[in-house]
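Next up: a single chain in structure tokens, the form predicted alone.
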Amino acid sequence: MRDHLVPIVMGLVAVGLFFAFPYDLAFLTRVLVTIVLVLSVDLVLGYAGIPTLGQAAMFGTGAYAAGLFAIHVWGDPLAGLVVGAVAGAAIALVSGLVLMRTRGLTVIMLTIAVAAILHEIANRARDLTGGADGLRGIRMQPVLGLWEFDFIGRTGYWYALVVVIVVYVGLSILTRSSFGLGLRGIHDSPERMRAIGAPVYWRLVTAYTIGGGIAGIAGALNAQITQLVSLEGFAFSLSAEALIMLILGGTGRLVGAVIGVALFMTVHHFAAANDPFNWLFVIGAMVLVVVFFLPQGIISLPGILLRHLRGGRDADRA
């Protein structure tokens, strides 16, 4: 599917789901928020080739920043998104200046460490963050002064959808730009990019910072819609699941992130509902099938089927 058609398809599917599952808007909204997070992982890992298991650091930072901003400063949702983006980008920039000087397993371990440190800071700063009890008392103003957040979740659903589409379109433009092409070059061969004079280090720092800003938007969006922020925003499981979703859908293709989130969270939702104790078996089996038979993710399946179809036609002609 062409990238410029994806937002249109997402919008149409979202409209259909809204009317088909009017009582599952909380789950559908959570899917949309997760898509924003996984898109940030795709930029960092899929395009720039930066291995990470700590994207929750920026997600949690954005959530707390937006929540505190709404409580103590201003409850405007769009302003809160900006605050969350800036907070997530700031953490990514500060940590990225160190992380991007390392390689391989060291980068992964340091990204985990950053999230763990922020988790502990948020836990200890109870007077500010609420600690293990979470940050409560968030009250959001109507979106653009027109649409109030309702108990059913209709406003939150459409609000999240618009944010997803804006982020997707923005990343589509970014990844097709010279900067995005440079990231692909660094992903494939950083040594060759250095040989032609490309500023590899600073491009990686920039990509990591942008990815952190997008993760911060996801955290802020989640905080605004649920009106609660907890320490789970920094959890390792959040980063790990985001990575699994991206691998399922396919790295280096934004639409792969969307497909991976939709597949993982749908299977997780129904598997956990049917068997709350053994649902991880279904997720594990699904990941194994994709890794062994579709190493480039679900997004590669249509191309593989088309090649097999063409191969069969060529054999028949011969």
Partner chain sequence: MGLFLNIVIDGTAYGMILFMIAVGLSVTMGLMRVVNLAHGAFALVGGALAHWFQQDLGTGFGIALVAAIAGTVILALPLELVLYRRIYRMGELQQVLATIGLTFLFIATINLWQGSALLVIEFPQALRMPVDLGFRTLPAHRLAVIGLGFAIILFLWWLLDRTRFGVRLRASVDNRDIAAAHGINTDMVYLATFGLGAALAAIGGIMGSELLPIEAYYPLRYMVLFLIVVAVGGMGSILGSFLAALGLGILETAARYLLPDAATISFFAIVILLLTLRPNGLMGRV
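Given the structure is predicted, the values throughout are model-derived calculations rather than measurements. Positions refer to the first chain, counted from 1.
There is another form of the same protein, the form predicted together with its partner chain; it is not shown, and what comes next is about it.
For the chain shown alone, L280 is a contact residue for its partner chain in the predicted bound form, at least one non-hydrogen atom being within 4.5 angstroms. Among residues of the shown chain, V98 is one whose heavy atoms approach its partner chain to within 4.5 Å in the predicted bound form. Using a 4.5 angstroms limit between non-hydrogen atoms, D188 is distant from its partner chain in the predicted bound form. Residue contact with its partner chain in the predicted bound form: E232 places no heavy atom within 4.5 Å of it.
When contacts are defined as a non-hydrogen atom within 4.5 Å, all of A116, I121 and R124 contact its partner chain in the predicted bound form.
This chain is displayed alone, yet in the predicted bound form one of P295, P302, G11, P22 has a heavy atom within 4.5 Å of its partner chain; that residue is P295. Interface residue among W202, W147, F179, F236, judged by heavy atoms within 4.5 Å of its partner chain in the predicted bound form: F236. Comment: 237 to 245 is the region of 132 to 140, 237 to 245, 75 to 83, 163 to 171 lying near its partner chain in the predicted bound form, near meaning a non-hydrogen atom within 4.5 Å. Heavy atoms closer than or equal to 4.5 Å to its partner chain in the predicted bound form belong, across 58 to 76, to no residue whatsoever.
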